[in-house]
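Before any questions on binding or motion, here is one chain by itself as C-alpha cells, the form predicted alone.
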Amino acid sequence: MTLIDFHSRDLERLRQADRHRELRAPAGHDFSSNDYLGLASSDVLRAAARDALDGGLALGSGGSRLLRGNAPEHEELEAEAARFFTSEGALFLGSGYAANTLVFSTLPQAGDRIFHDELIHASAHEGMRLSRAPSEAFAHNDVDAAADAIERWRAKGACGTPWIAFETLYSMDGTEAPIADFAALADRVGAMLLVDEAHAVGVCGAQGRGLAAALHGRDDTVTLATCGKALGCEGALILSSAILGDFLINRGRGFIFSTAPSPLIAVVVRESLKVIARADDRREKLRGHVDRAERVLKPLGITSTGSHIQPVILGDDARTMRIAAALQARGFDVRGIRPPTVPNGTSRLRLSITLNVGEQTIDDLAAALGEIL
C-alpha cells in the first residue's frame, strides 16, 4: 500500500463514520463564529487598520521577533495589554493555538506534572505532547479530583511543581470553571495555574477583562487571552510575570523560530482592547441575546448554559450533521461538532450567540430547530 492509498482509505473511513470534514465559506445568519461582540467587521477596527496602512506601516514583519521582526507596534500592544489586564507582562503570538502550544511545551519542566481539565483545548494537548513534563487529566470542573490527583503524585515522592490547567469558559460546553476554587487549590499545594480565557475575554468581567481577572498579576498564574474571538482580530496574548515572559522569549522554540505576527494586526488588536474597555453596551446587548436564546430554546428541552455558547447535544454523528445541514438550508449558519473535537457520543450543534444577529433571528432559529427536531 502506498502512502497515498493509506491516506485515501483513512479519508474514506472518516466519510463512512460521518466524520469527514470540508472547508465551507460562511453563509446565512451567524450562529457559528466566535465574533461574539460583532467587532470583526466593525468600522472602528477597519479605521485603525486603514490609518496604519496610510501611515506606511508594513504588512509583514519580515522575520522572527529576535531577528528583524520585532516592530514597535508589537511592543506597544504588549505594554497596553499588560496595563489593561493588570499583568506584569504580555507576549503577543500569532494565534491561540501557537500560544497554548508554546506555554505548555516550554514552562513546565522535567520533574513537574501538568494536571488538566479533561475538556481543555486541543492546543493545550499539543503543547503537553511536546512538554518535558508528563500530564494527567481530571474530571471536568472537578477541583477535588484535581486535588486528589496531585496528592497521589506527591505520595509517590514527586517533588516538582504541579501545574493546574483549565479554561474559564469551555468552548464546546459553555460552562464556567470554578476559578476561585482552583486558585485556592494552587495556593494550598504550591501549584502554578495555566488559565485559558479564550472565550471569556471581551465578553466577561469588568471592561471585558475575562472571568479570571482577579488572578492577573499573580506570580503563579499564566493566562491566555486570544484576540481572534470577541476582540474581532487574530493572535493571542500570554499574560504572566516578567520572568516567565522572558523565559518564553529565550527558551520557547515556538516563539524563537516563528516569523512575528503582522505589525498591522498588532495595531488593530491594540485598538480592540480600547474598544472592549468601553463596550459595556455591547456586552449588555449580548446578555439580552443570551437571555432571549434561553427563553426560546427552553421549550425544546434545551438546558441553558447561561453563556453565549449553547450546545445542543444530539449524540449521533450522522443525525447531528443532517440537522445542521437542514438549518443551513434555511439560512442559519449552524455547524455540527463531532468527535474528536468533543467526546464520543456527544456530537452536537454548537450555537454561538453573537451580536451579528438580532433577537428576531434568534426566535426564527429556535422555531426552525423545533420543526426539524
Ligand SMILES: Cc1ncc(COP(=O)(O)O)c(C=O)c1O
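Each residue number is its position in the shown sequence, starting from 1. Predicted model only: the values in this text are computed from it and were never measured.
Keep in mind that the form predicted together with the ligand is not shown, yet the notes after this line are about it.
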Handout entry: Close approach of Ala198 to the ligand in the predicted bound form, 4.5 Å, heavy atom
Key = yes
Practice task
Answer for Gly96 alone: is it within 4.5 Å of the ligand in the predicted bound form, judged on heavy atom distances?
Solution key: yes
Handout entry: Any non-hydrogen atom of Ser87 within 4.5 angstroms of the ligand in the predicted bound form
Key = no
Practice task
Classify His121 as contacting or not contacting the ligand in the predicted bound form by the rule of any non-hydrogen atom within 4.5 angstroms, answering yes or no.
Solution key: yes
Completion exercise
Contact with the ligand in the predicted bound form, heavy atom within 4.5 Å, among Ser131, Ser171, Thr221, Ser262 goes to Ser171
Exercise for the section: Name the stretch: of 284-292, 266-274, 97-105, 68-76, exactly one has residues whose heavy atoms fall within 4.5 Å of the ligand in the predicted bound form. Expected result: 97-105
Practice task
Scan 222-254 and write down, in order along the chain, each residue with a heavy atom lying within 4.5 Å of the ligand in the predicted bound form.
Solution key: Leu224, Thr226, Lys229, Gly235
